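Presented as structure tokens, the chain that follows is alone, the form predicted alone.
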């Protein structure tokens, strides 16, 4: 079997990276297993690239349309065991989920927002977890990720502020803290304090598809960099399939993934399932990944039969919602800037949070014909040629060609999150539940009815915001056949005071098993209604800080 470690960490996102770093700082021998690949600055997929429509399960077969011809070497957008791309897409009845795959997890593709939720977001969470309790752990995360507000005056920012002023809501507009290296102007490269090379942000808007410049303070440039410098081993392309208790620790079984990647990116190939052992096991494979591992251990492999009956319950999409703005009277210039630059905080009054978004010119340049048709149809319907502001100069140099910039100038996208109903014990039986179906594949039962009040508030806000821009806001409706989607899946292994209330205690310790911890977003007993990455990392800091006690 080989070496036995002090700790094995499964997953390298905002939970796993924190765990690996802090355990390595204590002098522990640490092995981190990550199913995705390492993504270098020049490896992220860009058009033209492989683009598959994929329904997948990590432990089963992944099926989808045939791949298109490759662009850059090293994989495309979508992840499968055959093709380890940057994103994994899962479709469940009424809900689609998109998550990242790679060393650094969701930090590779998230919008960089570091947001502390309001105290109300922790209502119903078991003691001692409150906002005040977590403040020191939030500060540890802030020290590592170094988030700051955008220093540039973007046209998008001015338009967002003006639209909210027009509807009497300007007082809640903010510039959220973003984990981005801005530089001082020019092309100066730096070594960050962990020794990773970064170029300053060039405002290309493509951060949510991987940063070519490593301007994003992603986890591979801080927490994971420090962990590896202290001796932690990070093994990419290792898909964990099974966990078993052995003696005073755990054995972890995994398969090495093969892929059409440059040889230097691949670990040594093995034909059979491999296993490693450790005294402590930290699960951080995300809401879907961690929950599925434990469901298999309880219901299929029967290796962890004492797991709580609450396993899989309390799943939340974090109230993810979106809106698309067409034909704004105010020019936005959405191609310039990071993925998001401004937010609207209605967490106290409405239970939701809003981010305006970029539209990367590099991703839509080949769809100019469709944009021309869309803009023409909307203009004819709304007579917008007679009322648009003319001659408005962009605030910063364009990131795309002139035609693409002009086609996108009056379009916008908005991302909303809210405190949805994730608890299935409510009278309507609402919220979400992850479970294994008759074929042993992960399934999701999610009922949006308990969240209808939140959804109606978000729809009303979007319609008002559209009027503030003088445009037409496309707002998702509940009757749409494709249902809802999320990039912030939370819960499934929620914390509680005892096993009848949760899978783990408030310190991430799995009920019924020694030295087995959960330290990712699956630990949340409910959604929090803001970008969750900072809270996932803070909770992981808290879990590891108490793991030896």
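From a predicted model like this one, the values you see are computed outputs, not experimental measurements. Numbering follows the first chain given and starts at 1.
The same protein also exists as the form predicted in complex with a small molecule; that form is not shown, yet it is the one meant from here on.
(Q) Using a 4.5 angstroms cut-off on non-hydrogen atoms, would residue 285 count as touching the small molecule in the predicted complex? (A) Flag for residue 285 set to yes.
Q. Are any of the heavy atoms in residue 15 no more than 4.5 Å from a heavy atom of the small molecule in the predicted complex?
A. Residue 15: contacts the small molecule in the predicted complex.
Q: Indicate whether the small molecule has at least one heavy atom within 4.5 Å of a heavy atom of residue 536 in the predicted complex.
A: Judged by the heavy-atom cut-off of 4.5 Å, residue 536 is in contact with the small molecule in the predicted complex.
Q: Spell out, yes or no, whether the shortest heavy atom distance between residue 516 and the small molecule in the predicted complex is within 4.5 Å.
A: Residue 516: no, not in contact with the small molecule in the predicted complex.
Q) Tell me, which of 238, 278, 416, 325 has a heavy atom within 4.5 angstroms of the small molecule in the predicted complex? A) Here the answer is residue option 238.
Q) Heavy atom within 4.5 Å of the small molecule in the predicted complex: which of 319, 289, 334, 432? A) Contact residue from the list: 289.
Q | Answer range among 140-148, 99-107, 120-128, 441-449 for contact with the small molecule, defined in the predicted complex as heavy atoms within 4.5 Å | A | Going through the listed ranges, the match is 99-107.
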